[in-house]
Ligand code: PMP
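Given next, in structure tokens, is a single chain: the form predicted alone.
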């Protein structure tokens, strides 16, 4: 990421992307104990705006609490650091990655004494599932299951969690698919490698719930609200592979993936094999709102403005902001 980022915010300073480095013996590198967010910034008629910034930062701090990583920055300070990073890089659309991590040399699994740092990078946004993903992607059911939340909290967005996604995603890519769908420990549908999952039957929108050990996605929550505003019924429930295969429509949702219709699972076409009407309706509203063209969702857009004063570290801890 640093190679594509012009400026990276590291503990209060904007540094050149090539200079954004941590020690090879850092605790986070060796044990995956770091928490992060993926956030997007879009062009709007009023200038660049970050989508659901406050919600992403709230989840970042909640994840940090789970992993006992006291944040040296408050919610407000992290928001400001993200805005400053976006402004310094001046690219839209962009993908923004804030991460709380322990970057100092500190081997030992139970080490909790290392300094917690914050870094923020912004890079040009690309289509996560390919440039043609708006027209539909091919997915396969992964042989790798989503881990149970009793083992690793799935509701925390943690660096180490994505080893699971990596295995599923590489397996799917080697078989020629754009994405994988993971099942939960009981064999019900869970999610993609970096997205939540929705399907449509008889005009009802279905999605796996927390009992399937999913990440409670911010774009997922946005889709549910959009669907409700469109008058659609939304049901969270345990969903089987068979229910997916006979669905009339299906799509992924995620910050990086946005709204990506699923046209095929394995060798089974979903519906007509093309994006369905309800998927397109939700997609249309979503792309309008992130561009600032839907006033009812203006609350979700945080304008990018520059600030004069640097963001200093504070004694405040995650969850106290």
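Just so you know, these numbers come straight off a predicted model, no measurement behind them. Positions refer to the first chain, counted from 1.
One more form of this protein should be noted, the form predicted together with the named molecule, which is absent from this view; the next part is about it.
No member of the trio 30, 103 and 117 reaches the named molecule in the predicted complex with any non-hydrogen atom inside 4.5 Å. A single residue from the set 244, 172, 226, 218 has any heavy atom within 4.5 angstroms of the named molecule in the predicted complex; that residue is 218.
A heavy atom within 4.5 Å of the named molecule in the predicted complex is found for one listed residue only; from 155, 162, 188, 144, this is 162. Taking the partner from the other structure, the named molecule in the predicted complex has a heavy atom within 4.5 Å of a heavy atom of residue 194. Taking the partner from elsewhere, residue 254 is found to have a heavy atom lying within 4.5 Å of the named molecule in the predicted complex.
A residue is said to contact a partner when one of its heavy atoms sits within 4.5 Å of a partner heavy atom; residue 263 fails this definition for the named molecule in the predicted complex, lying far away.
With the named molecule omitted here, the record of contacts in the predicted complex names 52-60 of 22-30, 292-300, 269-277, 52-60, defined by a heavy atom within 4.5 Å.
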